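Only one chain comes next, encoded as structure tokens, the form predicted on its own.
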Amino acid sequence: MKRAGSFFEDVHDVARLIPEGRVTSYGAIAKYLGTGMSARMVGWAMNASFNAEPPVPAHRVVNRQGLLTGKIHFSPPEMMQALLEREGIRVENDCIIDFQKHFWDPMVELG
């Protein structure tokens, strides 16, 4: 991926490519952008995405185990799970059921 913008903009651009009904992890986005040790920064970028235009589907980015660790930034926090469930992704105890089935790896999908 050609990176012309800021790191946050690059993260938002990748997140916008996640298809409906799929999820990825903070670390997978960081690795795709060539900054594999910056998963936490990807999380900060997701937190800063709520007013971005075009919109960023931040609910599709979770931790490496499929946990909804970013839900505290949604209002209300249950909104992250509700958005995922609308896309056909089951969530129990803040964890995506069949995480690997729904996982979208930008390294594979985008090359």
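These figures come from a predicted structure and were not determined experimentally. In case it trips you up, residue 1 is the first one in the sequence shown, and so on.
The same protein also exists as the form predicted together with the DNA; that form is not shown, yet it is the one meant from here on.
The closest heavy atom approach of residue 33 to the DNA in the predicted complex falls outside 4.5 Å.
Shown alone here, residue 84 lies farther than 4.5 Å from the DNA in the predicted complex, counting heavy atoms only. Residue 52 falls outside the set of residues with a heavy atom inside 4.5 Å of the DNA in the predicted complex. Remark: residue 37 counts among the residues lining the DNA in the predicted complex, judged by a heavy atom distance of 4.5 Å or less.
Taken together, the three residues 8, 43 and 46 all lie with some non-hydrogen atom within 4.5 angstroms of the DNA in the predicted complex.
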